[in-house]
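Encoded as structure tokens, the following chain is the form predicted on its own, with no partner shown.
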Amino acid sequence: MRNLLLLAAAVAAPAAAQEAPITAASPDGSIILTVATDNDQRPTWSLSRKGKLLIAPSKLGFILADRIGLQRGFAVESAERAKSDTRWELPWGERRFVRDQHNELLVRFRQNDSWGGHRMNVRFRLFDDGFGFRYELPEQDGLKTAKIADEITEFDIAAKGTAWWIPGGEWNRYEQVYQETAIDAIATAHTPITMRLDDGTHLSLHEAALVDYSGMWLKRAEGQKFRATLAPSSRGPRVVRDLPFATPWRTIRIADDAAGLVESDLELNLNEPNKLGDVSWFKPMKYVGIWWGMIRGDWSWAEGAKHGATTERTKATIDFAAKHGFGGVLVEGWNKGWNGNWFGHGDAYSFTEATPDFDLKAVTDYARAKRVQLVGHHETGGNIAVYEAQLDDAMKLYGGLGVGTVKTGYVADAGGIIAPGDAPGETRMEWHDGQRQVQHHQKVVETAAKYHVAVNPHEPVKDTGLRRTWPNWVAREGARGMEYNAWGAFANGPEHEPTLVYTRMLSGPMDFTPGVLSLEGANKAPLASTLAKQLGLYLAIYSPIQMAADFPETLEKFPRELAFIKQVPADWADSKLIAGAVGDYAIFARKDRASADWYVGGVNDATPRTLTLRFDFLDAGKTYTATVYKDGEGATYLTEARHRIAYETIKVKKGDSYTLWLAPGGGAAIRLAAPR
């Protein structure tokens, strides 16, 4: 009753005058932030770039589940400014060194007593290539635990443009086909959302450092105004946190062109530094595996005559890996619990017991003798209650056997995670990217790190740059991967990978599983790809663990292509997008971290195009030997001509150019070997 009286008094009171706004700028002065309160004493922010309004005044705050929200009645209590310009090193990644140059503004808001008298701080960081902010709720009387029903965070896009996005909250999580629409045609979307404004400005809206909080979706409210909405929870409030705490950063990459968007390290810079120290026990690598046969239906995860993960088959795959220099062999379906309906159930899984036809110790001993690692597999069927009960034992087992990387899986509908309840033996259903699942992934990564195991989750919570803090978090799925190509003709479409580069890949490494050189899925379903595009994927879709996904016997039928896959690194000293447009095509130049060699390549959509590539990135005074793999004359993903590939060897140096034709659904790969 008291809260209702306070609310009535506040509504009856006259609106306060707006305070003088506070401004801050990026280091180069091109981006200007304005923070203010409006006539209803609601905190707002807006952003301009190069003199043009980019984000119109947008509200800040929270809806709380158990009291008046942190929305109205605020005044600025104080503000602090800071700046930073540092350089830090990635232990593995798209580049070795990252510059973090930003200006910071911390604004302390305080509610008047009629609205609750609470304090809410907002920390803004402005970079030359974007912007991020987060809420920080300090320790305070009258609010010990925040029960957040949702956020009031708004993004009011000021100019018209085009957006590339996938719907938020759908049954198969992030595994959607990207839509290209006007900005004002977006409904509710996952992030990253990529936008190209009519004046050519490129934006990507996302979040960074998602820890102990629900994943953020963006819901269009009206026109081009979007509001953050958090993934739901079975408990009612979408987030429950004891104070003090900070939310994830809400981020916007901003660039003049597609290259500026792709080359930004904004989200990485907004994460905390490495907490693990020396992680040299993880080595970037390429791997093969017992996987494509299950995806196509040739083999089964379940025990029986078609069981894929047998000791005999695994040893044969290890032999292939050792012969061709692959670092790992993925084995799915090695453990007990696959017999029956595991999708969304997972109650029968054991993560320490093998099936009768698979000898885990014998296989890992065999792999070690061949200088190959087993890549482990933990599919949960979305049952994290069962997984967490075995988690420490499972990671300890892998660590002791030398299994250095584990692929985890959470195959279940979007709201189908089975989580431990509050009482012993009780379970509840949670959303795939809700707070409880975010907590779970953090627990898995930290537990794995104890035993020097790296983690590659599939059906994950989206990447938000946490690989900086926990560098054993080496890759994720989090989008439609290669597996969809096994299930129908042109299932992903020729524009899928050129769109991933500018959307999903802005969040971090993806285990896309390239290298299906047969260009066939189940029942000979064709891929929307040429042979050259399969090689270009190793440059376009970054991961420090890159799979050659096809059957070993198929890979050996393509000796030239296999030679490139063996050579192309999984770790880079530098990466540049040298040609590309969102959703159309993407050509990268990447420098090997272990040598002076460069690699160039990428992917194309359904439109044939001719590009002029300039080798301005090469070291001056050196002549490189370029081995080119490109689409052959008349190649197209639409017919058997998808297998046409051409080869060329030429000499190039800094400043030279090269004319490259890309087929419909095509691609290219070039190795630029430095003089020895």
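Position 1 is the first residue in the sequence shown; the rest follow in order. Since the model is a prediction, treat every value here as computed from it, not as a measurement.
Another form, the form predicted together with a small molecule, is not on view; read the next lines as being about it.
In the predicted bound form, at least one heavy atom of residue 295 sits within 4.5 Å of the small molecule. At the 4.5 Å threshold, heavy atoms of residue 561 stay clear of the small molecule in the predicted bound form, well away from it. Using a 4.5 Å cutoff between non-hydrogen atoms, residue 459 counts as a contact of the small molecule in the predicted bound form. At least one heavy atom of residue 291 is located within 4.5 Å of the small molecule in the predicted bound form. Here the chain stands alone, but in the predicted bound form its contact with the small molecule, taken as any heavy atom within 4.5 Å, falls in 373-381 among 373-381, 231-239, 515-523, 587-595.
The single contact residue among 407, 250, 504, 118, judged by any heavy atom lying within 4.5 Å of the small molecule in the predicted bound form, is 407. For the options 135, 301, 387, 217, the residue carrying a heavy atom within 4.5 angstroms of the small molecule in the predicted bound form is 301.
Taken together, the three residues 166, 184 and 226 lack any non-hydrogen atom within 4.5 angstroms of the small molecule in the predicted bound form.
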